[in-house]
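Heads up, the chain below is alone and in the form predicted alone; it's given as structure tokens.
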């Protein structure tokens, strides 16, 4: 038995695959919350997202429409789910869906559903296409980059870029290209999946670091946990990492939050060059898939997001454990085909 206040929290990003979404890790953090008792509802896009079938984490799962179907369709689906589950908070975890949820925040608030997301202007100014201006506006070092809408432009990049360079999608995917031919191949591969523009970014040689955290929307840092990637997949995803002590990263994070008054979770992708300077490669406007590492070292960011969404006072985390590692692993679930048929046919499980 627990005396904690029960809350129903809906979570997206249940695809715990080779390029995992954050949803399963977020749910683990919510289950360990000490300020409320979480009843977690999964929101999925595909019937094969593994989180759907993790019944120890998700009490029930519902399919929701893709962002491309429009906000009205999403709102109607959320209204139905809310009528059954009485949702208190929704935590979206995919870049591509955030804009829809941000646009719907006022409507969802009227239903009694709370969110804690970046403002739309914050979301837009940190887009990869806008990163050079962002760096200039907030005095943060960023690599030179350029948005391309035509693969033919790649062969005229030699005046601005040297190889190797990064070829990035507007939402996901990034590849290191060593020749114009490789860059062209990656251009078509990414654009066929995520659309245009494609971002060309100067490659910074050095060591890669990431920091996940939480801003209160008033310029204050509620949480920040930096880590160094130890093992990286062929898609550039961290499959293992270790928390580190680096005051320069913490100060850069604090500067980012104070300068932008960022509201909500985030992940900064950084590269430290041989001279010791940090370059900001990307700002992801949500929790990363490795968010459970932050929970495990003393900063339960998913729990803090829920409390901020509900206008509860949240004290900033003062510390975290360093030299703690996470190692991701894959395992096989065996389940009845009837479960798959249920979610595929009726959109609920």
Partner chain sequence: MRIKSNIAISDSGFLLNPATGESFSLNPMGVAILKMVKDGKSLEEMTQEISQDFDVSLSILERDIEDFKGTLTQYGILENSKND
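This one's a predicted model, so the numbers in the text were calculated from it and none came from an experiment. Numbering follows the first chain given and starts at 1.
Keep in mind the form predicted in complex with the partner chain is missing from the figure; the text below concerns it.
In the predicted bound form, none of the heavy atoms of residue 171 sits within 4.5 Å of a heavy atom of the partner chain.
The shortest heavy atom separation between residue 246 and the partner chain in the predicted bound form is within 4.5 Å. Within 4.5 Å of some heavy atom of the partner chain in the predicted bound form lies at least one heavy atom of residue 230. Shown alone here, residue 242 lies within 4.5 Å of the partner chain in the predicted bound form, counting heavy atoms only. Partner proximity in the predicted bound form, defined as non-hydrogen atoms within 4.5 angstroms of the partner chain, places exactly one of 176-184, 203-211, 110-118, 252-260 at the interface: 203-211. Contacts between stretch 307-334 and the partner chain, counted in the predicted bound form as any heavy atom lying within 4.5 Å, involve 322, 323, listed in sequence order.
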